[in-house]
Every structure is written in structure tokens, then in C-alpha cells.
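Coming up are structure 1 and structure 2: the same protein chain in two forms, each one given alone as C-alpha cells.
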Structure 1
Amino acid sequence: MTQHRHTALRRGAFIAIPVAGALVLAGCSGSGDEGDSGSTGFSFTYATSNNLESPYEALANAYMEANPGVDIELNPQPNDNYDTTVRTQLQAGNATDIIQTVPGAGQPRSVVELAEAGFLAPLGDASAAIISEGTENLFQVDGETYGQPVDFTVTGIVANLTTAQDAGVDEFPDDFNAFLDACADVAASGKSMVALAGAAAPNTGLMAMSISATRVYAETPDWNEQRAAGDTTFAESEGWQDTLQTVIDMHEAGCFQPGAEGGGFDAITNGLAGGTSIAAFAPGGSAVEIAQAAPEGVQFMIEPFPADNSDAFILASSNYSLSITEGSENQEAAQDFLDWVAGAEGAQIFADASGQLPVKGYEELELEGTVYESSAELLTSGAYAPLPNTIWPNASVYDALASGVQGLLTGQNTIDDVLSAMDAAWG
């Protein structure tokens, strides 16, 4: 009898434990569903390059503070593998509700490419309203908006004016010949005019694009459209030939620090903050980051690259955007957040945290006394073009340019080699 009772108990346990477990799990699941239905939370993936507070994190924290019921799950990813991570998550259907994207189609995280593949959800009217006129095709596909710009980035030369004065350069040159002369003088004083991360493709590419503002886009603002239509090529373009020749001229004049071909980003940070270099090619926001690492009282300025037989011109555009993923179950909460970011408060928080200009209304800002003082006139007169690679059709064109510039510095490539490679990459 006892034996039978034990057996029955054991059988009962075998059945009861899994059933109880299933009920507990179902209960957990049920409570989760209940929570979701009333939840205003969402998840947010963005790229980060350093240990400073990301402007996206600042946005999320400010939004949560203003909306106590909202819980934002932040998912920062190292910039190096951001593209791989996001594309894998999108493909697998487990991407976060909001992802950081970039305008156009020139990079693996670009709005147009991801939208055309069906991985982004259309955004609301507030997102469309802050897109600058003439740049709609960088954020929209078939009339629907898939990316909301969050910044207005001025890209030129970030100059340490304090170091410049120490090296005898009282005014930053606005003429290319004067710039080359200054390079020689500064090199003679044991410093360098430009700190270059020659081994880092993002920096060599950015340098060439910054120079192209005056050599290509000042005269032909729609050069990219002409290239897309097949009316011109990089190899045929005198402007692009001048751009790369300028790089060689700078190298020969001793504008870069010794060993610049092998330099990393530390060469820029250490050079500008430590006072061994005067300037570096960088987005405007980085001036704020570098200033944080520099001694107090050091003055930084974002200067346009000196013109050569052309008008002054600079690169300025929205270079970052936010998108809602197609599979998101919290699209409403995510769109509410984007609407807030598009407003004056959100835009200003992002601008303050990133060191860039706010996405809307920058034309009316008083920029005197800020790092943007030298570029203010160009911005108000409209003498600027968007970052070229946001308009290029794929990431390989920029890669060919960035790698090619390093090859120019090491003597591996000629100008024709680089421009032909860019044309081949364009497809």
C-alpha cells in the first residue's frame, strides 16, 4: 500500500511540477502582456565612440524626466560594429524600437537603404517638418519620411587658436597659399598646422570632403546629382583633381605632423588638446569634446578650409537621424519621443550635448563668440553644401576616397588612381 502511495505521489509530482511551472511562466507572461498594453516605454539603439555622455543618452534622460511614466531602454553600441549589429538585428527581427541612422544611402546605416529594404516605419508629420528644404530625398522614400534629422553639423577645420597664436599664426589663413606658408612656419617651430589621423579612414576621407567644399561644391553645388545622372565622373572632374592635389600640396609643405600617415584619432585629440598641432579636420561637435580635454582658457574655432581661386564655402548638413523600426511594437511611444525631439526643447538639448547646431532655427542664432563664429556668415548666406557621402550611392565610394588619400600620402597612389577607384565604386 505504502509503495503504491509513493508511486502515486511521484507520478503526481511529475505532472504537478511542470504544470505549476507552466502556470507560473504563463502568469509572468500574462503580467508582461498586461504591462505592455499600457506601457509608454520603448528601446533605443545608438552608436557611441567614447565614454562621454552621448547626446542620445542626454535626450532620453531629459525625456524620461519630463515624462515620468516613460521607460526608455538604452542600447548604446560601439561605433565600430554599430552597422553590423543593427543590420543583423533588423534582419533577425529583434531590433530596438528606435535606431540611430544617417541620411541618404551612402552608409550601411543609411535611411534610404534601410527604408527601401522595408526595415523602417514611416514617421509622422513633425519629423517631416524639420527636414531642410532640398534634402528631402535623404530622409524620404516615395514621399514617406523614414528618418528624422537631429542635428545641423558644420564640418571644416577645428582650430586651436591659442596654439596658433603661440606658433605665430595670429589669424587663421583664409587663402590657400597663405595657409601653405603658415604650415612651413609652424613646422619650423616644432609644431604642425594639421593633426591628421592618416591611418583612420574616417579622418582622411573627411579631410578630402572638407577640401572639396571649395574645390568642387562652391562652383557646382549639384555636382553629386550630375555624377548620379552620369554627366560627369570623379576622374573627369577638375574640382576633385584639385581637391586631391591640395592634399599632396599640404603634405609636401609639411602641414601634417611627422608620421601622419600612420596616425590614429589619438593624434588629433592629443595634438589639439596638448598644443602640438593647430587644427584638425573634424565635425563641429568634436570641438566641444576636444575642448573638454584641453587646458582651461584654450580657444577653439571651426574654420572653413581656405579657398583657392574660389569663393569661401563649407560643408554643413544634418548628418544624423533617428528612425523607428518596422517591427516595433511601441511605435506610438517611439513617435511621441521623436515628436518631442523635433521640438525646440529636444533640439536644443541635443545641440547642447553634442556641440552641434540645433536642427532647426540655426540661421537665427547669434553665433558671435561661439566656436561657429568664423562660419556664421557662410551659414547665413547659404554658402554650404551637405556632406557629400550622404548623397553618394554606397559606402564603397567613400572607402575608396579615404583609402586613396592615405595612398597619396604614402606615395602608393596617384590622383587618377584614387578618382578612378571612386568611379568604379560608384557603379
Structure 2
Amino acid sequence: MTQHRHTALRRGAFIAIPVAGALVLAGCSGSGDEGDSGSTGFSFTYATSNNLESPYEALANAYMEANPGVDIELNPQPNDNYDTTVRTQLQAGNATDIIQTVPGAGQPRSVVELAEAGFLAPLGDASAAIISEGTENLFQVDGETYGQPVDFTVTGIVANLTTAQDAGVDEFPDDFNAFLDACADVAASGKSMVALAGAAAPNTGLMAMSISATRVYAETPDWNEQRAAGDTTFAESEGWQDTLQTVIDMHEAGCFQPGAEGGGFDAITNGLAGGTSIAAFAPGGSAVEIAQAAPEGVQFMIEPFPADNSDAFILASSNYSLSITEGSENQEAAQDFLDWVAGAEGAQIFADASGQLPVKGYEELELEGTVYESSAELLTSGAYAPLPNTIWPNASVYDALASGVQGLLTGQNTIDDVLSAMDAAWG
């Protein structure tokens, strides 16, 4: 029923969708069959962090090959300023037909926030059909679907195991104190334990959320619901205090590369692919992109961030989606494409190109021998929570966290400053 490729550990997790999952997906596909589309074309904006082929580009190229009459105008944007660029285009009325979005309301590109602002068009039945049960509120508003999930992403630490062994780290630490000790040893060897894009708010925010998996959500999986009910706050949460203290402890222990505060996303790609850093906070699919730039034989693994007085725990959920803009004049053509992406062929192409798990059927995959091997047991046992900011009520909470962590690195903020700002942003 399932299969994986033996080169997956070296070049990333190229996951094959199990037959049952493929049949579910195929049942959702409406149009976009080879040579059978009456669509003329559309434009497509998505975020990219490097010069490698994006999984969204791979989808577009495959769709155009299968439908010779369709022309897709690609508009990739650097991840660092994607949110600002897309919001500006939406407000000016000149956004592309399809844009990459994220579930929920916690980021500027979030489905719910953009839909409630009137920037997105309702999607078709095929888009709604692949939303996992219980997560409808992350993609829908008032019963209408505005975002189509494309993945199931495991978020933690992407680790270059080859560089780790070269630096004397035989096994990736599963205890935080051991992790800090390894930071010092790795720094002494002229490398860094973590490559951080400190100048890129999406990366500092992701780091804090990844750490919160064991500090907050392992013990209190419903913490977001408690915060929404007013039963707790960020400022009074020991878990969130510990999360930010962990960032400070890592900085003081020399876990990050020199000049990490000013680093961009290239620091991650160059550090992990070039062998100067062991790990980075990144979505699991990044292992595939980085592996493409790494020398032959380099091994990558997606590791949970080391626990501190708790069991291992990770973040995992549908973290990426596609939406059609309300001002699009090519909504039918755009929906044809999304129907195809929801089907078995499109889903397989995205999983292969992104290295992320498929939005449907991931539970049945055999992950031994892939970059997800270290996380497989956690996924099976349910020791994971969704990315926190998909549940948060607005993008300002995540902005306060991301910029606040940047301030922790430069010494301009305290832990209390950051958590108070997050509470104020919650509203």
C-alpha cells in the first residue's frame, strides 16, 4: 500500500501517497485532465526562500504540460517581504488570480483574515472536500471555503546529520541541556549548531513556536483555547516564559551562527547545505530544498526540538494553502487548476517537490528511511499540535512574537515586553 524511495534520506523526503489516500484525492478532482481544459490561463503568486524550483512552480509546469492551451504567469516573491507585497497588491486591486495563503487568521497572508477583508473568492467543492475534519474554521468563513490546503507539514528542526557527525555530534540531542553543551562544542569546531535568519521575522517567529511545542503544548494542548476564553495570558504562562528564555539561553550559549541577528533566509540554505551549520528552524519540506543544494551523500533529518522536563512533541498541521483573489477575472481557470491540485496527480507532484507530507493519506505512509523517521512515532501517537499561529485570532499576535524575538536577540526587548505585546495584540 505504501512505498518510499531509498534516496529519500539523502535528497529529502520524496513521499509517495498511499493508494487509499490517492483514491480519496482522485475522487475530489474535478477538471484539469490532460489535454481537456478549456481554460486560457491565470497568474499565480507564491513565496520562495531560495533560487531552487518551488513546489508551486513544479505544479504550474506540470499543469501546463498536461494542458497545452493553458498559460500560467508565475510571480514568485521573496518570503521575507511576501506578506507586505501581497497585501499591497490586494489593496490596490492588482493581485494575481491565485495567491499562496496559510490557514487560519494568525498571519498577514492567512485565509480567514484575507477572506473577512473581502480579498478572496469562494472556492469550489473539490477545494472543500480535502479539508481535514475539525479544521474547517481555518479555511472557511460563514460556510464558504476560501483556502485549499496543499500539505501536511511537520515543523521542528531540519538537521544536517553529516555535518553533525563531522562536528563530533554523533546523535542529535533529545535533551535541552545536552543541546546547549553541543552548541559550545560545535562552535569550538568553527561551525554553529543553528543557522538562524534573525533579520527575517518569519524565521524568528517559527523558532519560538517550534520551541513552544514542548514548553507549552505538550502539557497543555488546548492552551490556545484557554487563551481565547480568557483563562490565561501569554504573560502569565510559565510555558511561554520558558519558550522565550530558551531563545535567550541558546543565544548566550553560542548556538547561532555569528551575526545571526542580521541573517536572511540564505543563511539557512547556505549554512546547512554548505556544512557550516547543523540545524535550522524550518518546515519539514525545507529539507528537500536544502538537500538539492548540498553535496552528494549528505543526510538530513527532521528532529523534534529537544525537550526540557517533558516528552518529545512537535508541531504538525496543514500549514500552506492556495486561494483565488476576489478581483480575479480568471476565476474559472484558477478553480480548474485548484481542482487538479486537489486530485491524486497534483497532490503527488506537490508532495514530491516540497518534501512535505500529503494533505490526505499521510497517516498510512511508511516513514522509515525518510527524513521524517525521527518524527514518525510522534505522528503515530498523536504527540503533536498544529502551528499555534493558525489558531491565533489575528496576524498582530504573531508579528509581536516574531519582532519580539528579534528584540531578544539584540537585547532591546525583555521576555515580559514580548509576552505583554502578544497579549495586547490578541485584543
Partner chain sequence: MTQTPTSATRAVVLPEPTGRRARRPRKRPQGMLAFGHWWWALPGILLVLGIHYASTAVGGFFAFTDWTGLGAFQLIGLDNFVEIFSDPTKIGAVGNTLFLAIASVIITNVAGLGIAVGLNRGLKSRYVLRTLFFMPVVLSPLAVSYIWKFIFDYNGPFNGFLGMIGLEEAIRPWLADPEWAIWIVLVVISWQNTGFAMVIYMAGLAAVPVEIEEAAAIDGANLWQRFWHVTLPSIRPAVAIATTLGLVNGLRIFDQIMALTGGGPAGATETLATEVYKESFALGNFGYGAALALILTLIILVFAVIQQRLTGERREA
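Since the structure is predicted, the reported quantities are computational estimates derived from the model, not experimental observations. Only the largest set of C-alpha atoms that superpose within 1.5 Å between the two forms is called the rigid core. Sequence positions of structure 1, starting at 1, serve as the residue numbers.
Trainee: Tell me which of the two structures is the form predicted in complex with its partner chain, please.
Mentor: Answer 1, the form predicted in complex with its partner chain.
Trainee: Using the better-fitting superposition for each C-alpha, decide if Thr214 and Gly156 are in a common rigid part between structures 1 and 2.
Mentor: Considering the two-part motion between structures 1 and 2, Thr214 moves together with Gly156, as both sit in one rigid block.
Trainee: Tell me how far the smaller rigid part swings relative to the bigger one between structures 1 and 2, in degrees.
Mentor: About the hinge, the smaller body moves through 18 degrees.
Trainee: For Thr135, give the CA shift between structures 1 and 2 in Å, the superposition being done on the rigid core.
Mentor: That residue's C-alpha sits 2.7 Å away in the other form.
Trainee: For Gly69, what C-alpha shift in Å results between structures 1 and 2 following superposition on the rigid core?
Mentor: Here the C-alpha difference is 8.5 Å.
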